Structure formats: structure tokens, C-alpha cells
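Let's start with one chain on its own, the form predicted alone, as C-alpha cells.
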Amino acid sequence: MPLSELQVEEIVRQVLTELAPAKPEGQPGICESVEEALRQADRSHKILYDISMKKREEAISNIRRLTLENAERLARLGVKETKMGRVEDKIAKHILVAEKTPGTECLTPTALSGDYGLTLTERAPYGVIAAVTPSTNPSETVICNTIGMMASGNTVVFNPHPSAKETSLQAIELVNRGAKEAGLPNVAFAAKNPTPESFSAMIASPIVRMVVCTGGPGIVKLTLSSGKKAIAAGAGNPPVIIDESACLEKAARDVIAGASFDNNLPCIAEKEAFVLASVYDDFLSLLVKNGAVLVSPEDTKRLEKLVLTEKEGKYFLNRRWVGQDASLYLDALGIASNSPRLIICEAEPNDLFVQEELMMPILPIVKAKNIDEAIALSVQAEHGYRHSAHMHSKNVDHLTRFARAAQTTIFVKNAPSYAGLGFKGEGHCTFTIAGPTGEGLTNAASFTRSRRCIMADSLHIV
């Protein structure tokens, strides 16, 4: 039967379409609008739900490899874009994320067998997750969260902090490349121009089943009011106590290392120190000996005016100074220095530097009369966030009392604060530490719900 003219034209069109070179894909997962990002995430989740754990692990292995290969590039981009932090420390954070973020191994089922049959409980995905990420650890948080969320069968739409947009979008591209290499669809998405309004639209969407945020009090409050399952990683102001039993030399090195890491941007970093009077002078001397710069009370006041702004009786961080190198603050004060990592100053318990979370390599040191006062002042300065606290001591009673009083998610003993993230410490890594909602250091299981399957027949064999 001869073909009509229209049929011939259609065949020619199809052939030409198949022979035409494929249009290059832009940044995978990056969409023009948040609505499109949500639609794509929903489609991808339906595909991912049926993909085996083995294939998910293959994708995670790819993401780990790509993260290691791109650690320096992402670190440099993050510092350049946000104008915060230290390249060498951000490289270390990417290596940590690649090597110590858990995958599917967290998703362990449980089974009960008895006279009435078999009950199996498994971890199931929520579906599409809406996540907001910070400017302090932008690419690290995207990669870490995506590994856990994808491992448990979810897809995620990120709303990156606008000041770290490009770094975050590059990280989204990286994780999608790793997923595609394993035959998976894109697993992470974002609108190309994230705003606070786009996050509000995300959490209002019926497509979104879970909301995850890593940020300050405002975004935590918005997340918790979403009416959906929420995981919130909020603010912290971690204290560190040094008592008379501590190895002071090691404590001084550890405090400098932790408080200066990535210029004090990590939320777990030591933000203020409480030192017992009996070892106060010796500890200060050891901090200086190990490279910290002690500024005078007069220069401390000048430093306050430089990095804090006052409005209607309230004080706010001058964002220009968050996460800067210690030498830049000293340069602004006209103090000669030799590229120190940390500035220290003597302080009173209610000083602004003690009560405000600076996220700067500036550590106020408070003299405490005894361990009781040190614990009470530390708990006050932590403000009940229950985020992180640290202590250098060989006195088990002191360590126990502080841990019980602080009730923090992370409590680091006799090590730099970053040991709490698994960096030169045991345990897995995460950059979403959910104190307000109680999940703690999140992993793949945090992004799942429990599902129970019951077979009420006598299936046991013993």
C-alpha cells in the first residue's frame, strides 16, 4: 500500500530528529523555577523508588569519588563566592564528607518472630524533600544531605543560601553526575535563582513530604511551622571548659585548632572558653605560645565595634567580618601580626563576644572561680540550644556533670571541636546537626519513616 505524502513527511521528520546531534544538557537538576524543580524531583522519586540498593550504593560511590576529585575546586569556589573561610579547611571538609557520610548501611530492617507470626519493620522514603542550605558549608551540606537522602530513596529540592548559590549549584551538578553514571535519574534539584520566597513555595507544595533546614533561628522557625515532617539544624554557641586536671599544652593546641578551623564557621566550633582560675594564666600563656594573638581590653572594645552592629538595643553580626582570616581583623585595628589563626581576648561572662555566636576566629576567655561556676556560665552562654559543648579535663566527675548540665547533641572531650563531626574523631560525618528536632547527627535513616509489615501466621521455624 503506497504511503501518503503526509506519512512520508512524518518519516523524514523522525529520521532527521534521530540523526540530529543531541542538545547539550545544562546543569543537571537546575531548573528555571521552583515549580519545575519540584515536578522533576517528583518524577525522579518515582523512578528511584524502584531502583535497587546496590545501584544506589554505586551512585554514592561515584559521588564520593567526584567529591574527592573536586574538593579543591569546590573549596576555592566557596571561599571566592562567600568570601568566608579557609581553602585548606574547606578541602578537608569535602574529604570528610566523601569518606565518612553514611550510605545505605544505615537502613537496617528489624524482624520479630513469635507464636503470632512475623513482623518486619523497614525504613521507607518520604518522597520529595525540600532542603535549605547555609552559606557556611554550602557544597559540603548539599553533597552530605544528597548522599543520605538518595540512599533512603528520596529526591531533594535545595534552596541554597543566595550568597553561596553558584557553589551549591555546582555541588548539585556533581551529585547528579554521580547518579547518572550509575544509571539513576537526577536526584537533586534547585531553582537557578533561589530566594526566601522560593523556599516558602517549596514547603507549601503538596509534592514536598519532608522539610530539612540547616540555618539560623528564622529559617528554623519557618521550617517547624510548615505542618510537615521537619528536621531542623539550628544555631549554636558552643562553650569549652578547661579545668585544673587538663593537659594544658594539648588543650591549648586543640582549642586553637578547633576554634580557628575554617575561620570558626562550623556551628560546632568553640565560640567561648571558660577556664578555672587556678590554671587561667598558664592556659592563656600556652595559647599565645601556640600562635594565638591576645588583644588588650581596649582593642577588644574596638574589635566589638568592628564586628558587631547595634540597632534598637540589639546587636547583630557585621556580615562583612564573618569567617575572615584572623590577620584581617588585626590589620583593621592596626596591630602587626604574623598570619595567626586565632585572636583571643579576656572577657566577662555577659560580654557580647561571649553571648553572641560570632563565627569568626575570635575566642573570648572567661575566668571561672571553680567548676560549678564554669558549668553554670557555660550553660548560660550556650542559651539552651543543646547543640555542642566541649571540655578538657581528666576528672570524670567534672566531665559527667558538664555533659548532664549542657544536654547538648555533641559533647567533645579532650579534642578539638571538629572531632564531633568525625574529623580526627570516631563516628560518621554530617553537616546537618538536628538539635531542635532531635535527630542529632543526621544520616540516611533520618530521612525515612518506619513501616511495619505483619504476617499473622505461624511462620517461625523454632
Ligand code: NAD
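Note that residue numbering begins at 1 and tracks the sequence as displayed. Everything numeric in this text was worked out from a predicted model, so none of it was measured.
In what follows, reference is made to the form predicted together with ligand NAD, a form of this protein that is not presented.
Asks: Looking in the predicted complex, any heavy atom of residue 319 within 4.5 Å of ligand NAD?
Replies: Because a heavy atom of residue 319 falls inside 4.5 Å of ligand NAD in the predicted complex, the answer is yes.
Asks: Please determine whether residue 431 contacts ligand NAD in the predicted complex, using a 4.5 Å cut-off between heavy atoms.
Replies: Contact check for residue 431: yes, within 4.5 Å of ligand NAD in the predicted complex.
Asks: Does any heavy atom of residue 359 come within 4.5 Å of a heavy atom of ligand NAD in the predicted complex?
Replies: Yes - in the predicted complex, heavy atoms of residue 359 and ligand NAD come within 4.5 Å of each other.
Asks: Should residue 349 be classed as touching ligand NAD in the predicted complex when contacts are defined as heavy atoms within 4.5 Å?
Replies: Flag for residue 349 set to no.
Asks: Only one of 432-440, 29-37, 44-52, 62-70 gets a heavy atom within 4.5 Å of ligand NAD in the predicted complex; which is it?
Replies: Of the options given, it is 432-440.
Asks: Could you tell me which one of 142, 132, 273, 179 places a heavy atom within 4.5 Å of ligand NAD in the predicted complex?
Replies: Going through each option in turn, the one that passes is 132.
Asks: Pick from 323, 153, 102, 215: which residue has any heavy atom within 4.5 angstroms of ligand NAD in the predicted complex?
Replies: Selected residue: 215.
Asks: Going by heavy atoms, what in 149-168 lies within 4.5 angstroms of ligand NAD in the predicted complex?
Replies: Residues within 4.5 Å: 159, 160, 161, 162.
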